[in-house]
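A lone chain, given as structure tokens: the form predicted alone.
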């Protein structure tokens, strides 16, 4: 039942994108969950969340980025340099972190250096404020206007607020389906493996959303669930992850990921866009307040509170805090979360890992096994009369 989701999630291009491209549809990639897909959907453009998986070498990206930088944006650049994203008609780069900000200039420079057509026809730097204030909401609304003007002019498209309202309503319905999927994870016992859930989430970011909605409805109506009893219930926090094999490594045969805060996933909760508000203001509010990423200033206590609440709801037994090497945002915040959760009696495991061709899942497996043994001892102690 999940095979098709896995196929789409674990590949860069797929038959659904190819089919709509043959029919003349446009497809634009973006790099950050703070970009509102609703805008592209309203314009009839397929949004595509850019992935870095399946890279076998960083030979080109190493020259542009150097050694002391997260391997995720390096993998994105390597894909662009190899022409793997040639099906995109454009790219939207958001400064989620300094490494991701630099991918803007690295893609352009790599194209010049290698004399390759790796820069998509439409290229947009989408700035997102790092604080939630009245003036930053106004700033983001203006940025949305700037993006709409730019993409409409480049492709000769006509933007309609009525279509945007329809797209906002559609995405809210889609979020409702994702919420139902997430309920299967947090059910006790879990009725879906964390890897299967992530496969669905990532696939949904890699194909036409209307087709994905239909697949979601079929899945939710037909899936009877698998009771994953006696498995240690884990929460996964930290760096962006589109690598399903990493989730499988964390789960193994004795654990299940029942909640996460990861980019490419639902990030703890499925929050909706206010359909009664002015559309661009509503989008700015929703995406700025969806602040589970440490790129946002002043939100640590809010993020910690949501993590603690998610742990309670999903009956999480242990938390795995992972960050890709040189990911300063999550590396720093994971230390704070570990300190505060351990004070609350919630066992934590911190992992620094690599991504892409440098991934070392076997080493991770050994540390996770030791952590699961700790949780098993804790279970026995708690169950002791």
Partner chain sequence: MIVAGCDIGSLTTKVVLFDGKKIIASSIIKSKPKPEDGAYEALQQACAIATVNQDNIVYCVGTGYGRKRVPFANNTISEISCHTKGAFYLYPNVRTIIDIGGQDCKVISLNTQGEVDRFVTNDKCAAGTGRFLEVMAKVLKIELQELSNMAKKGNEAITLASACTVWAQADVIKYLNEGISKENIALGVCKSMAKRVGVLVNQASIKRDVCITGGVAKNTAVVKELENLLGVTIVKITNVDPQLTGALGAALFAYQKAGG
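Keep in mind that what you see is a predicted model, and the values were worked out from it rather than measured. Residue numbers count along the first chain shown, from 1.
Heads up, the form predicted together with the partner chain isn't pictured, but that's what we're talking about next.
Trainee: Taking the partner as it appears in the predicted bound form, which of 342-350, 37-45, 23-31, 52-60 has residues with heavy atoms within 4.5 Å of the partner chain?
Mentor: Correct option: 342-350.
Trainee: Could you confirm whether residue 16 comes within 4.5 Å of the partner chain in the predicted bound form, counting heavy atoms only?
Mentor: Judged by the heavy-atom cut-off of 4.5 Å, residue 16 is well away from the partner chain in the predicted bound form.
Trainee: State yes or no: in the predicted bound form, is some non-hydrogen atom of residue 317 no more than 4.5 angstroms from a non-hydrogen atom of the partner chain?
Mentor: Result no; residue 317 lies far from the partner chain in the predicted bound form.
Trainee: Taking the partner chain as it sits in the predicted bound form, is residue 333 near enough to touch it, meaning that at least one heavy atom pair lies within 4.5 angstroms?
Mentor: Outside the cut-off, so no.
Trainee: Should residue 382 be classed as touching the partner chain in the predicted bound form when contacts are defined as heavy atoms within 4.5 Å?
Mentor: Heavy-atom contact with the partner chain at 4.5 Å: absent for residue 382.
Trainee: What residues, if any, in 325-345 have a non-hydrogen atom within 4.5 angstroms of the partner chain in the predicted bound form?
Mentor: In sequence order, 325, 338, 342 come within 4.5 Å of the partner.
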